[in-house]
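To begin, one chain is listed below as structure tokens, in the form predicted alone.
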Amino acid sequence: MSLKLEDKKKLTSEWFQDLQNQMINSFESLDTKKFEKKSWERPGGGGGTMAVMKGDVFEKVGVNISVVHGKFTNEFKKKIPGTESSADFWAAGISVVAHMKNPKIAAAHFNTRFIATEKSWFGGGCDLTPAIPEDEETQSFHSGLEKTCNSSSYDYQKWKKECDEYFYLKHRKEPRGVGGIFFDYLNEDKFDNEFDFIKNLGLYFKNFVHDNVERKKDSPYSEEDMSKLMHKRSRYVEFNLLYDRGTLFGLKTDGNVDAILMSMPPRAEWN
């Protein structure tokens, strides 16, 4: 028997909470600081929890979750499936952005979400944005993503291509980073397989970031390396403000502004 929508909402929101706790524990084990949590409520319905750490290894890392509901504006609902006869929506998700102090370690981004209108679907992905690309880091990340996709019979190459196209700064004519995967509107009427994939992707990202940071956190770097980091962060800011769907979705649905802009790096430079 297929699950009812309310059961799917319960399962997904509980998983995002569980994954937030796992991410926090994993990242704190690498640093000397602790996450600070702050809960917020959305005026139109629901809310979430911000968790941010500014440490000695992670210059800034946020692990945010939210469960919100309400009505889309008439303008915004035209862009969302399943809103032909109703503007009602429900959305739960987790978003992670990690900016490192060491410029040799790539910034890492991850999010997964479950959205319900008159239809329901999963979306999300993850990617790396190195200031100083390293073959081992990039190849290991993509190899793990391919295995994770294959284990649930999803097309890694298709989602990799979508990620490359999505995380592209059109005005600069350059990619934001070295890519990853990106997917949206995932609903093949195989909820168990889809949900297993969402969980496996979250666990893969958590473990990759932990192992990658542990491997590289003591790597030596120069002032020139720091300049490259500040430059790459400026591109990160430009993408998130101009193109990022999660940022636009949050702002269009009256989400918490601080949580939405958590992804911004603590420092950046435009030369």
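In case it trips you up, residue 1 is the first one in the sequence shown, and so on. Please read these numbers as outputs of a predicted model, since none were measured by experiment.
The protein also exists as the form predicted in complex with a further copy of the same chain; that form is not presented, and the subsequent description refers to it.
Trainee: Can we say 242, 261 and 265 each have a non-hydrogen atom within 4.5 Å of a further copy of the same chain in the model of the complex?
Mentor: Verified in the model of the complex; spot residues all in contact, yes.
Trainee: Heavy atoms, 4.5 Å, a further copy of the same chain in the model of the complex: which of 151 to 159, 82 to 90, 102 to 110, 172 to 180 makes the cut? Say which one.
Mentor: Contact-bearing stretch, as computed: 172 to 180.
Trainee: Does a further copy of the same chain come within 4.5 Å of any heavy atom of residue 11 in the model of the complex?
Mentor: Output for residue 11 is no: heavy atoms all beyond 4.5 Å of a further copy of the same chain.
Trainee: Does residue 203 reach a further copy of the same chain in the model of the complex, with heavy atoms at most 4.5 Å apart?
Mentor: No.
Trainee: Determine whether any heavy atom of residue 54 comes within 4.5 Å of a heavy atom of a further copy of the same chain in the model of the complex, and answer yes or no.
Mentor: Yes, contact at 4.5 Å.
Trainee: Does residue 254 make contact with a further copy of the same chain in the model of the complex, using a 4.5 Å heavy atom cut-off?
Mentor: Yes, contact at 4.5 Å.
Trainee: Out of 228, 60, 216, 69, which one falls within 4.5 Å of a further copy of the same chain in the model of the complex, going by heavy atoms?
Mentor: When a further copy of the same chain is considered in the model of the complex, the option within 4.5 Å is 60.
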